[in-house]
Ligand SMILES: NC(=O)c1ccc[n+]([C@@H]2O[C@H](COP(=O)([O-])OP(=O)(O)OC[C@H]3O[C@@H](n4cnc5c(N)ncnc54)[C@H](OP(=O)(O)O)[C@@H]3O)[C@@H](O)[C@H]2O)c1
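Given next, in structure tokens, is a single chain: the form predicted alone.
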Amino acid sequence: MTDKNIQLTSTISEDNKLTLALQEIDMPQPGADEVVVRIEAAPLNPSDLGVMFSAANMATAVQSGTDENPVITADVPAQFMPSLKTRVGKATPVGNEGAGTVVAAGSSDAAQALMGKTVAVIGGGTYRQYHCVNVQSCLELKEGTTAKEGASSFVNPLTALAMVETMRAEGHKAIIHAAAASSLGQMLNRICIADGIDLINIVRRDEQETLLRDMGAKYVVNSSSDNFIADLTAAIIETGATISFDPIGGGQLSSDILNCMETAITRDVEEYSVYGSDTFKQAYIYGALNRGPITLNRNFGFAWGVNGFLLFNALGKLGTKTVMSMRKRVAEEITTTFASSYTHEVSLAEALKLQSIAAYGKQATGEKYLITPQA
């Protein structure tokens, strides 16, 4: 350990400005049940960008400072400021997860057992060089697993597993997933193939359909196709899917999914009911790739729900035993089922260059960035 510790922060000021900067902070001292992790790899996930950029218009971003200590500023539209009042004036650490080596440990047996181990960590502020976390926020990686391999052990793997476990807990038998060619979508596809669960993958481009089919996906429908509604309905008829997960949010995709579910359910019903079928249909929205309003064209009866889906809330509902089983599976299969690949690696300083921001800010399929804080 050294005396130097750098973290990436996001700050919104009263004059409607977002500032991204590197901040020198004290080296942490672990409490009894805490460890200090030298963060060696941390992924840039969409949820991280939500904290990092907030509601700023990144098209207005300007870079200043130096190459070693760049500063990014951007305008925040005035209409979003009221909802951000709790963030104003506060330097918010960025980064939800990462991995590295435990270099200091508290006095408890659980903390001491992790000393020198490579662990994945979950918790705010992983875009820093040294991070102090409770042992419960750590996942010990198998011997030989690198920090880069374990950097994405929490957000995508646990979200994908939580989708499957939520399906089971709520009594559904098949899943519909949108933006399915994403890193998370590819993980969910591998899980469902391994566990024998029917998964309908919704994509928007031909090359994404090819990618998933080459990975063994049986049901892939293209939302850009003229036959999308018919293809989706046919896949639902075959699988009986009545639960969906949508990271897009805005627009009418969840509405289309619910309508297709209802059409599939009632295809052989001879007696009309103004209330629709009594089969419950659930649409979960877990992202905001489209920040516009959610449109529901209600042709799907009254047995339905549209809810937000947040990983930590979902884990709380699933219970400790299920969550511990999920975490164990991730650690065992982090280089197979839950493997993540990265197209670019950047240092903390490089992450605050306009060229890098323009690239990873697109959140393009197959373009995943990894921050290496020690570089």
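Remember, predicted model here, so these are calculated numbers, not experimental data. Just count from 1 along the sequence shown to find any residue number.
There is another form of the same protein, the form predicted in complex with the ligand; it is not shown, and what comes next is about it.
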query = Looking at 148 to 156, 102 to 110, 267 to 275, 84 to 92, which one sits within 4.5 Å of the ligand in the predicted complex if you count heavy atoms only?
reply = 148 to 156
ask   = Tell me, which of 175, 192, 184, 236 has a heavy atom within 4.5 angstroms of the ligand in the predicted complex?
value = 184
query = Among 23, 363, 11, 16, which has at least one heavy atom within 4.5 Å of the ligand in the predicted complex?
reply = 363
query = Taking 4.5 angstroms as the cut-off for heavy atoms, does residue 47 touch the ligand in the predicted complex?
reply = yes
query = For residue 311, is any heavy atom within 4.5 Å of the ligand in the predicted complex, or not?
reply = yes
message = How about residue 125 - does it come within 4.5 Å of the ligand in the predicted complex, if we only consider non-hydrogen atoms?
response = no
query = Can you check whether residue 301 is within 4.5 Å of the ligand in the predicted complex, heavy atom basis?
reply = no
key: Any residue of 246 to 264 that, in the predicted complex, places a heavy atom within 4.5 Å of the ligand   = 247, 248
